[in-house]
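Here we start with a single chain on its own, the form predicted alone, put down as structure tokens.
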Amino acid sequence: MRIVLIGAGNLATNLAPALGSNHRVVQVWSRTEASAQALGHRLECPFTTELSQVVTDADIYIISVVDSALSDIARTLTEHISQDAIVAHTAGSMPMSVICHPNAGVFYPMQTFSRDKQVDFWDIPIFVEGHSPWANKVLMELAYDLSQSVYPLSSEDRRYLHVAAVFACNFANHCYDLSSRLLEAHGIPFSVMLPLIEETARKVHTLHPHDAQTGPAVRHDHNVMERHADMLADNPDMQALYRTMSQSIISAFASNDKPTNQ
């Protein structure tokens, strides 16, 4: 398949080499010339910063841009490309309908991406939606070329997948950041937390997260929780977050009923 990448950020930088020999990126577009040029040179393909100069004869156009720009970019792009092409975005929280094209679709790899760390797409779940049977077929085949975990998923259900991912990834990483600030303020390296973080992540491969939960809130150890909260008095935001998270855990264990999805 001849593919144009619309966007040259974290996701596109990881996706491009994963496409392998079965597919060819024929052009890269980005609003930022430096980003377009860097990825274009890496792939040895042309690049542009003008949507009007995007080639019109590609098979698939994959749009990976910030959500706030997606609608405008998709509208401008679809004004001049072939109606036979497939146009898919990679946003977890945006509906497929943001692309007005007969072969619109969604190609959502659920992973956290950074330009400087290449990930293995084979282990990344990819969620696919197609407006037409043809778009759905081609995007599913593309996904299976890249990953062993491919799922059809509607825009409505993908919204819940995305908010769940925010809890599991973004909020968890923010807690790592808060932990590092506490430690560094007292001369303790964050690296001491890594074995704990890694074991916590390993446990949920074999245990439901509810069953893997430990800590003072599960034990209803209110004396410990109050001491912790008092220690955070100079940081009201962190103190409030500690109390909210602790109460959430207590509430989750208030009933003897186990989660229904175990």
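As the structure is a computational prediction, the values presented were derived from the model and not from experiment. Note that residue numbering begins at 1 and tracks the sequence as displayed.
The discussion below concerns the form predicted together with another copy of the chain, not included here.
Look at 75-83, 136-144, 121-129, 97-105: in the model of the complex, residues with non-hydrogen atoms within 4.5 angstroms of another copy of the chain sit in 121-129.
Interface residue remark: residue 200 is counted as part of the site for another copy of the chain in the model of the complex, having a heavy atom within 4.5 Å.
Although the partner is absent here, residue 46 sits far enough away that none of its heavy atoms falls within 4.5 Å of another copy of the chain in the model of the complex. Looking at residue 111, you'd find a heavy atom of it within 4.5 angstroms of another copy of the chain in the model of the complex. Within this chain, residue 26 is remote from the site of another copy of the chain in the model of the complex, having no heavy atom within 4.5 Å. Annotated contacts: 186, 196 and 232 all touch another copy of the chain in the model of the complex [non-hydrogen atom within 4.5 angstroms]. Taking a 4.5 Å heavy atom cutoff to another copy of the chain in the model of the complex, the contacting residues in 142-176 are 151, 153, 157, 159, 160, 161, 162, 163, 164, 165, 166, 167, 168, 169, 170, 171, 172, 173, 174, 175, 176.
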